[in-house]
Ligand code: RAT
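The chain below stands alone and is given in structure tokens; this is the form predicted alone.
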């Protein structure tokens, strides 16, 4: 069978002379393809006030707080003494009226306002507030998901959070668009306090991490994975994270996390490289970044070949090594451009590097959104970059003599914007779908 016959019905074909038409098709298809946002800090409506939304929440996002404090010189105490509305007005005035808002975080706000049909030219915060006051939350969520072309979002769900835990205990979290992920930072980063909380909840645990404690910790993890129907377990780790070492963290990963992840066939997601509270006066906005040791990731993947690991790292300096590591371990899945890397120049660099080293086997982005409307700008901006880099790689392939079909572009877009993630979640370690 000839190649042409093999691809009969596969849609428009693109060869070396059709690069511009191919680029237009890629941009259109990437925009049309619904996305699974595999890591957010959003919540389903059942979580009440934990779901942040509206223009004031968009403006007091911690990216913008840090930027406004740097620009204004306002004493930190004065800012934190303000009400939420006053803080939002201060940030609007400082970053959008007194200055040109071309930072990525500021541009994101402008994109949100535009895509929701608001009058950007007016630069009128009160009119934007009036718009959001008029919204029915349920219909507004529908509109935001439609604007972002978002099929579903994975939450960050922490059973150690006293505000969130009761929602799960009354089994009221259901909304099919919002999936759960079991967040276990307290367990791995603050065992002493986490152990005490487990005791309060009826688990027979002790600080010494003996056999009974490890068994009870596994019971805790299994129970919450099942209660949440969580897609994966996740933790944010400092740049000095090491595995193995003599810490409680290593013991818990080795004896609890990895075995439970394998038993339940859920990935263990590690987000590595955050330095907490480098400027405590900025509160949530005061975290920083540090270069981590990729050897820890290599050791995990080699030690537990039947466990699936999802990894993203915060330092730009770690990205090349992480890509190389992913080439060596099929149980390692790279995802997203996390936090300080969520800037167009770095997203493009990382996406290009990943495509060149790993082909279409990654999830190039997640939103990390903390406020509902942020998914609009984060996916608008990222889709444009993903489409650009993908088209560049296709152009290289066409120049090399390959013929590309439109159905293949659609397949690749589905993989990159959600399919790879779902295949990894549902498959066994060692190969998607195996």
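Numbering follows the first chain given and starts at 1. All of these numbers come straight from a predicted model, not from anything done at the bench.
Although not depicted, the form predicted in complex with D-arabinaric acid is the subject of the following passage.
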query	finding
Heavy atom of residue 406 within 4.5 Å of D-arabinaric acid in the predicted complex	no
D-arabinaric acid contact at residue 236 in the predicted complex, heavy atom, 4.5 Å	yes
Close approach of residue 338 to D-arabinaric acid in the predicted complex, 4.5 Å, heavy atom	yes
Any non-hydrogen atom of residue 276 within 4.5 angstroms of D-arabinaric acid in the predicted complex	yes
Full three-residue contact with D-arabinaric acid in the predicted complex, heavy atom 4.5 Å, for 28, 410 and 414	no
Which of 388-396, 29-37, 62-70, 44-52 lines the interface with D-arabinaric acid in the predicted complex (heavy atom within 4.5 Å)	62-70
Interface residue in the predicted complex among 271, 188, 95, 332, criterion: non-hydrogen atom within 4.5 angstroms of D-arabinaric acid	271
Neighbours of D-arabinaric acid in the predicted complex among 348-385 [non-hydrogen atom within 4.5 angstroms]	368, 370
